[in-house]
Every structure is written in structure tokens, then in C-alpha cells.
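Before any questions on binding or motion, here is one chain by itself as C-alpha cells, the form predicted alone.
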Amino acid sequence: MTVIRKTQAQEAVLSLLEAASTALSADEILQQIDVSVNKTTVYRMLERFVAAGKVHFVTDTDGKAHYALCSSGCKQNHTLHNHLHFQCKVCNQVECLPVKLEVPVLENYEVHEMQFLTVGVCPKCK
């Protein structure tokens, strides 16, 4: 079980993710929190949050991870999120969409991660 010590920086990151309307990259998080912390520390925090089931991520078309808070039903060490993520080709924002997808059971396969990313133009940029 991943234990997370509560630090000022961790609380700032979690508060930011809670208030965010879109998924945020580590760079965006670093720019928006008001606590002095380096990029490596932000990445380590996010990795611990993912391992603890507090946060999930999706990789965008450029290979950059975007992070969002998990719902209360998520469990530690989860990697399967059965909802869509959307990346806008105009503003590049990535967001979780409330569209549930059926995750197939793949006999004789051990699935470690699953991501659903849809790319297009968001309503704001249309």
C-alpha cells in the first residue's frame, strides 16, 4: 500500500486537480500551484497519487501525461479507466468525459493499462 505524507506541495497539487475542469500536465500543475517545488518532485508526487488510486492519467497525442482526480470508486494500483478522454486539436486541453466504455475481458492476457483518448475540436474552440 502506498502511503502519502501530507505536505504543503501535495495538498496544493490535489487542490488544484480538484478545482480543475480539465486534466493537467505536470508542467501546467507546476505553473499553477503557489508552492515552490521542482518538476521532478511534481512527477514523483503524481506517481505516488496514481499508485494510491487518487489520480489517473492519460497520454496525449504528443506523449505527455495529463492527470485528473479519480472518482471515489477507484482502488489502489488501478490502471483501467472505462471513460473517454478528449484532446482538443485547437487548445490542446485534455478532459475526462462522462462516457462509460465497456472494457472487454481478454482471456489469457494480463492487461496493465488501458487508455481511451479521442481527438477533435472541443465545444469552446468550435
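Values in this document were obtained by computation on a predicted structure and should not be read as measured data. Each residue number is its position in the shown sequence, starting from 1.
There is another form of the same protein, the form predicted in complex with another copy of the chain; it is not shown, and what comes next is about it.
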Does the 4.5 Å heavy atom contact test between residue 28 and another copy of the chain in the predicted complex come out positive? no
Tell me, yes or no, whether residue 32 is in contact with another copy of the chain in the predicted complex, where a contact means a heavy atom of each within 4.5 Å. no
So in the predicted complex, does residue 84 come within 4.5 Å of another copy of the chain, heavy atom to heavy atom? yes
So in the predicted complex, is another copy of the chain close enough to residue 19 to count as touching (4.5 Å, heavy atoms)? no
Sequence-ordered residues of 88-116 touching another copy of the chain in the predicted complex, heavy atom within 4.5 Å: 89, 95, 97, 99, 101, 102, 103, 104, 106, 108, 109, 110, 111, 112, 113, 114, 115, 116
